[in-house]
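First, one chain by itself: the form predicted alone, in structure tokens.
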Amino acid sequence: MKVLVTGATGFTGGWLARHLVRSGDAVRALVRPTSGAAADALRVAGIETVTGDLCAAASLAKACVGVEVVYHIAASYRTAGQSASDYREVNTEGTRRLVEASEAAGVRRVVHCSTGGVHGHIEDPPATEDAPLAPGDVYQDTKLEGEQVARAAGESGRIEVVVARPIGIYGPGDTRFLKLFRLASGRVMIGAGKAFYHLTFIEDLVEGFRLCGTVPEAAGRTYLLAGPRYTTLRELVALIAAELGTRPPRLRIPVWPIWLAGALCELVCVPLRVEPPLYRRRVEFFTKSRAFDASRARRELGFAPQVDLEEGLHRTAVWYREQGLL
């Protein structure tokens, strides 16, 4: 198929675009004018690039011409000093513009990438797609709004829409979980480590996206795309420490003073548009459970993650070492 991937210069979108090429699709990537070397790397991988932006409707119309399936991965992620209106301009209104451009161009299906974070803290794990929605910040709020925009278009009957909620994306090329790897080789753990966390290896995730785009019965459905199992944070840190050949942290410190320090950092840094060294949401990582049941995706899509947690952590650690990050 001829497909369009937004966000292809990022971690998840880049992996997806290359995976689709290997699967035999003709892949076009929407890239911003400032993408530079990242766009060059896509072209080297056999991916067509078209310059555009989710905030520019005319560029989206051009990008969608001749496309059968759109994989919408691009989003405005958490950045210091960014206003709520900035998030909505991309994550909500950008999704609206893209879906409208897709409809006008005769695109058959849009796969919209949301986030499992729209469920918030999981009180009764594991959560399914029907669990309560409780987004915890403006990023998650606007991702949910983007879902609603896309789903409404699908319900109109003019275009097929599939919503995917990925969980805990990690793997070679991503540095978001580097702090957790460094924590596992340190001496201090924040909190008791009893909260659940669920990781999904990037190779498994992008195959899940491909299935969302190709399985006929997926139209109109929402899917959690999650790895084979979840653990407590204490267990996860122990697994990482074993991979690194270190001892898990023995000293445990309460969450509340670290949370307060994060609040103070945000208070000082965010108005200055300086990246805070510590966020409250990063501290909440140690207290909010994330544990999901992906049986709907297994049953309806044939989604079957192949990389178990230990193997995924190993591959990620190898990449971190190769990059000199550990």
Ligand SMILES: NC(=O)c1ccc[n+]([C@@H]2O[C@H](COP(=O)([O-])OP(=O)(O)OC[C@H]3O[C@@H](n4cnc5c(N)ncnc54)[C@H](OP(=O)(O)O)[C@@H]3O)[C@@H](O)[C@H]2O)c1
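Numbering starts at 1 and runs along the sequence shown. Source: prediction; values computed, not measured.
Below: the form predicted in complex with the ligand, not depicted.
- Would the ligand in the predicted bound form be within 4.5 angstroms of a non-hydrogen atom of every residue among Thr231, Arg296 and Glu310? None of them does, since no heavy atom lies within 4.5 Å of the partner.
Within 4.5 Å, heavy atoms only: does Phe196 come near the ligand in the predicted bound form? Phe196: no contact with the ligand in the predicted bound form.
If we define contact as a non-hydrogen atom of the residue within 4.5 angstroms of the partner, is Leu267 a contact of the ligand in the predicted bound form?
Contact check for Leu267: no, nothing within 4.5 Å of the ligand in the predicted bound form.
Q.
Can you work out whether Ile73 and the ligand are in contact in the predicted bound form, taking contact to mean some heavy atom pair no more than 4.5 Å apart?
A. Close contact exists here: in the predicted bound form, Ile73 approaches the ligand to within 4.5 Å, heavy atoms only.
Practice problem: Considering only heavy atoms, tell me if Cys113 and the ligand come within 4.5 Å of each other in the predicted bound form. | Solution: Flag for Cys113 set to yes.
task: Please determine, with the chain shown alone, which of 181-189, 100-108, 148-156, 163-171 has non-hydrogen atoms within 4.5 Å of the ligand in the predicted bound form.
output: Among the listed stretches, the partner-contacting one is 163-171.
Option touching the ligand, based on a heavy atom within 4.5 Å in the predicted bound form, out of Glu300, Asp53, Glu68, Glu284: The residue in contact is Asp53.
Item checked: Heavy atom contacts to the ligand in the predicted bound form at 4.5 Å, residues of 132-158 in sequence order -> Tyr139, Lys143 sit within 4.5 Å of the partner.
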